[in-house]
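The chain below stands alone, shown as structure tokens; this is the form predicted on its own.
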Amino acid sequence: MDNEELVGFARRVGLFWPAAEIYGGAAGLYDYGHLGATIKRRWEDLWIAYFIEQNENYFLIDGSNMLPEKPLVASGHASRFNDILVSCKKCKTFYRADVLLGELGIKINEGADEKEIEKAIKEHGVRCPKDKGELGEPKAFNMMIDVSLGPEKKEKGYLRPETAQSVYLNFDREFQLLRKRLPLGLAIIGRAYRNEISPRQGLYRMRELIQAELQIFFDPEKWDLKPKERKPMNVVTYKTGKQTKMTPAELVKDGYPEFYVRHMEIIHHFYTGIIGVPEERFRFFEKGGADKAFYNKVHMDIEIDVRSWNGFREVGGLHYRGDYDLTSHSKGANKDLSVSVDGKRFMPNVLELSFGVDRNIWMLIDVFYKKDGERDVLGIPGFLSQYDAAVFPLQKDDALEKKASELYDSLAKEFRIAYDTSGSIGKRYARMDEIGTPYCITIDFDTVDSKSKDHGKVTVRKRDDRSQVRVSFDELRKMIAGSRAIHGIGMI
């Protein structure tokens, strides 16, 4: 499935589509439909259950989407949150320089400045893809979206460029409220805003995006958190630049902090052990040199082989940010954000687990959608699907429909159940397959015939292999509960 096919499938089944679609859509802005909004919420609930709710020192907060200017000056976003753009002198089209060069196979560092971009354009003779016009001088473009606060618009503000800043701004108050203990994890799932020059590839590069981020504040001298598993993971280290399988012990021996490697394990299990992403499609990719964010001590992207995006692409990151953030806000706010724990005064370090929710939803479709003959199947795990099961009467018949309605009413008290009587049974199966419903339950004449040996039993058809089994109502409940359960949710 390529990018266009995935977008077409998403529209057809109610996943997502461009915002203001009836007016032609808006670049970099997307709306979630009824199916997409439900799957997104299921993914967010899974993320909270796995990363937050299993640790007594981790908490979910929420922050304002709009911030005054001063915090974003202190954080460096006002001066450093830039992309380099170039424009065609002829047609006036603007391009994000690194994207334009990357599409032409020209490798540049992620943090390349205007001079490096200009040099690459000249060396390779790059011209406008639309009309071959000459490209103008590269210029830095700040991606934050500014807003005016107050009726006279005197106070400048911005839509937050990342959710993490809301955590840093609330750290001191939360630390005081939560009994002054470390490590302390503060998490947010919310929206961030970036004025992308050239949004593209569906949910990959957006102007309004949803992030799920966990910021863990800790004392690096006392956070005795060690890896637990011996299972190797696919890693591309900056030192080698090559993908290889490395065990946690090998990573620690290579100099990566134990607490950092432990979180690599945790993230790896989330994707491969719980969601079910194939091992060969998951990896960590370390950034270094000019590609690494300047404040990070260790910076690894979480990458999935997303074939509609032509290979491994970033869906999240694991960043050891040191004490940069709290130090910056201490200076900007003229407030000491250091802490005193066990008689020691220090500025907490931060480990950031950051995930692009939209990118992860796209990834789920890319990884789990398949064509099986003439049918489309969204084979996502049952705990992420919109419905746990669907109930159908075999055909239009008063007795069958009455029994099917009774079963629906009973199951709907415990599970997420669809009910459908429209079209042939085959068409109803197909509709459920393409939206990811794990089981279809059919009420037939044997179910309602008191003389039949199968009286009281239903036929359950499984989405993934189309096999059918005959089960009692009690067995049915166990099957649905088993599919809905999140296997391996316990922190490894």
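Just so you know, these numbers come straight off a predicted model, no measurement behind them. Residues carry their position along the shown sequence, with the first being 1.
Beyond the structure shown, there is the form predicted together with another copy of the chain, which is absent from this document and is the topic of what follows.
S.K.: Looking at 77, 231, 416, 299, which is the one with a non-hydrogen atom within 4.5 Å of another copy of the chain in the model of the complex?
M.R.: Looking at 77, 231, 416, 299 one by one, just 416 meets the 4.5 Å heavy-atom criterion.
S.K.: With another copy of the chain left out of view, choose which of 332, 278, 288, 102 has a non-hydrogen atom within 4.5 angstroms of it in the model of the complex.
M.R.: Going through each option in turn, the one that passes is 332.
S.K.: Would another copy of the chain be touched by all three of 12, 61 and 179 in the model of the complex, meaning a heavy atom each within 4.5 Å?
M.R.: Yes, each of 12, 61 and 179 comes within 4.5 Å of another copy of the chain in the model of the complex.
S.K.: Determine whether any heavy atom of residue 164 comes within 4.5 Å of a heavy atom of another copy of the chain in the model of the complex, and answer yes or no.
M.R.: No - in the model of the complex, heavy atoms of residue 164 and another copy of the chain never come within 4.5 Å of each other.
S.K.: Can you tell me if residue 40 lies within 4.5 angstroms of another copy of the chain in the model of the complex, counting non-hydrogen atoms only?
M.R.: Result yes; residue 40 sits at the interface with another copy of the chain in the model of the complex.
S.K.: Tell me, yes or no, whether residue 257 is in contact with another copy of the chain in the model of the complex, where a contact means a heavy atom of each within 4.5 Å.
M.R.: Looking in the model of the complex, residue contacts with another copy of the chain do not include residue 257, since no heavy atom lies within 4.5 Å.
S.K.: Would residue 207 sit within 4.5 Å of another copy of the chain in the model of the complex, counting heavy atoms only?
M.R.: Residue 207: yes, in contact with another copy of the chain in the model of the complex.
S.K.: Picking from 195-203, 222-230, 130-138, 110-118, which part of the chain touches another copy of the chain in the model of the complex when contact means heavy atoms within 4.5 Å?
M.R.: Every other range fails; the passing one is 195-203.
S.K.: Though the partner is not shown here, which residues of 337-374 have a heavy atom within 4.5 Å of another copy of the chain in the model of the complex?
M.R.: Read in sequence order, the lone residue that approaches another copy of the chain (within 4.5 Å, in the model of the complex) is 337.
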